[in-house]
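Presented below, as structure tokens, is a lone chain in the form predicted alone.
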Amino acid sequence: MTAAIEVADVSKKFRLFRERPTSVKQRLLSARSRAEDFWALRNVSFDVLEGTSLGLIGQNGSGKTTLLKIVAGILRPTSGVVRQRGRMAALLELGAGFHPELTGRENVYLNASFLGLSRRETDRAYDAIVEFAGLEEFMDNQAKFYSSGMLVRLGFAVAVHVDPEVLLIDEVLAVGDEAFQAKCLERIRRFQREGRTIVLVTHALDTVRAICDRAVMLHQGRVHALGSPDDVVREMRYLLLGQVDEGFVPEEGTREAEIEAVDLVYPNGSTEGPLVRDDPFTIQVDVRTNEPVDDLDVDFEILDGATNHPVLDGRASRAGVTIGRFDGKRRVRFHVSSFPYTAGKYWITIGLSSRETGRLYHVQTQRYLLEVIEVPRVQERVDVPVTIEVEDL
């Protein structure tokens, strides 16, 4: 398969000035001492194959947007090279390419020309662009009166209607409302079905897992992890916890025993969620051995998706449960009597290890989603003791 984008050993340096000189004399005398080099990117290399979707993640300041601007041709790398094939459309930052004094209609033609469309081609696409953005009533208003959400909607609508072969999308989608985000994701999935190439920069790790084929994580301007979305997102969550693994390995464990399947079983016996807060549920783990195992231990940990902190864990050996020697398949169930934590998304890690030595056989880190919801409960009448006192006044 051919690479639609090749990023080869790309580095980008900026000059940071601690204090701006106010005269030519000051510039000549002090510019050297008051400026320093800042490397936003260092030796970044990866390919994006045609027809695939790549998620680009990392903390703020890791170099994601800088790299996307280099791929789009807006910035030039200090060293290295980027090669890309096919018509490219980029939605990089809020209001980019819009002139505040021009109307929405005029900005559509301006943006489309930036992306390589002729006026005749824009005429044909105009109605579809406006309909997708849902801004029919505002197209003759100046862009300076548009909200941030309106700018995003119009910018995305133009980008996806120029018939791009490669689509670059920065975090700006987070600005749109929920309904528009759903519409954008549906259009992205349609592009995927059509074999288009997509690079998505986002902090929404669940979105990367849901729609991307591969992911790259940048850390301090370097590629820290590259691989499947599950593996790279796992490493990103470790980083958010302050645990950076410089020797990132996508697959962990010696594999004498493997996790074959994991199901979350809810109170009604179904494996389909969500879970109502305070209700019980079961984590069901099917284990397969590749050679006889004498001392298998199984454990789980649940991480709060909002704070990236662990809230609950369990281990067979700690509970006094001995799994025993076996060769084949075995099922282990963790019965959680109640889950009292707030509504939201939680991620479950499952691990297999040696009870005696702690050697890791297999781990799936933050692989399974537990979604918790709040359901108003009808208050039942109960007998509550009431103490009565009487005193003279």
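Residue numbers run from 1 along the displayed sequence. Everything quoted here is computed from the prediction, not taken from an experiment.
What comes next is about the form predicted in complex with a small molecule, which does not appear here.
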Check: Do all of 16, 38 and 66 end up near the small molecule in the predicted complex, with near meaning a heavy atom within 4.5 Å?
Finding: yes
Notebook entry, point to check: Quick one: of 52, 59, 364, 354, which gets a non-hydrogen atom within 4.5 angstroms of the small molecule in the predicted complex?
Noted result: 59
Check: If you check 301, 263, 230, 171 against the small molecule in the predicted complex, which one has a heavy atom within 4.5 Å?
Finding: 171
Margin query: Given that the small molecule is not shown alongside this chain, does residue 318 nevertheless sit within 4.5 Å of it in the predicted complex, heavy atom to heavy atom?
Written below: no
Notebook entry, point to check: For residue 203, is any heavy atom within 4.5 Å of the small molecule in the predicted complex, or not?
Noted result: yes
Next item on the list: Select, from the options 355 to 363, 329 to 337, 38 to 46, 342 to 350, the stretch whose residues sit within 4.5 angstroms of the small molecule in the predicted complex by heavy atom distance.
Entry: 38 to 46
